[in-house]
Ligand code: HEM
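The chain below stands alone and is given in structure tokens; this is the form predicted on its own.
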């Protein structure tokens, strides 16, 4: 982890005395390594494709009068895009699990909640009050704040595992008996007892992921504006920049 500070900031001639008075030292910490950032954006794109195509699979569009039925393959392309994005997300997720073992401390946060630490629960409560506008001063976190950790663990780690497993169980039904997909995921479909129910819970999972994405984007932009550290740019550069000299 590298630290860099800007003790003396020089502004251009258009700076007023009021501008100069707002100068604070900025501390930068390298937190998200390149594989984590790459996974984040590829995964985000894959999820967007999965949500759009998954919605269309669950609510098929009407017949398109652009050609004879035998000459168009619109729904087939939708399904192909869904399957391809799902496989990319799956491979990326396994890669992300691997990097949790070989990467830095912050690469593990998505997979492990330190629920045994009393200080962590205190910080969770502080974050709840901060997001509810009941706390005036946000804390500084190098990685995810505790509330974000909880959201990432349940919606991404657990949620993506659920979507991958149920998705492949549905895919195995189309591939047919005797395939490796059916050998691995077929028992889940048989245990549920009805592929229609499996479709419904997989489709329901899509809505939970969509809700998480909206909250995630809102929280990231809100923190970038209101908190004392960078958020959105951190997932591009990998560097978290703190915006004042206060310790806590």
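Because the structure is predicted, anything quoted here is derived from the model rather than measured. Residue numbers count along the first chain shown, from 1.
FYI, the form predicted together with the ligand isn't displayed, but the following is about it.
- A residue is said to contact a partner when one of its heavy atoms sits within 4.5 Å of a partner heavy atom; residue 220 meets this definition for the ligand in the model of the complex.
- With a 4.5 Å cutoff on heavy atoms, residue 47 counts as touching the ligand in the model of the complex.
- In the model of the complex, no heavy atom of residue 29 sits within 4.5 Å of the ligand.
- Remark: residue 213 counts among the residues lining the ligand in the model of the complex, judged by a heavy atom distance of 4.5 Å or less.
- Of the listed positions (150, 128, 74, 87), a single one reaches within 4.5 angstroms of the ligand by any non-hydrogen atom in the model of the complex, namely 87.
- Just one of 121, 154, 94, 83 comes within 4.5 Å of the ligand in the model of the complex, counting any heavy atom, and that one is 83.
- Along 149 to 188, residues 152, 156, 163, 164, 167, 168, 170, 171 each place a heavy atom within 4.5 Å of the ligand in the model of the complex.
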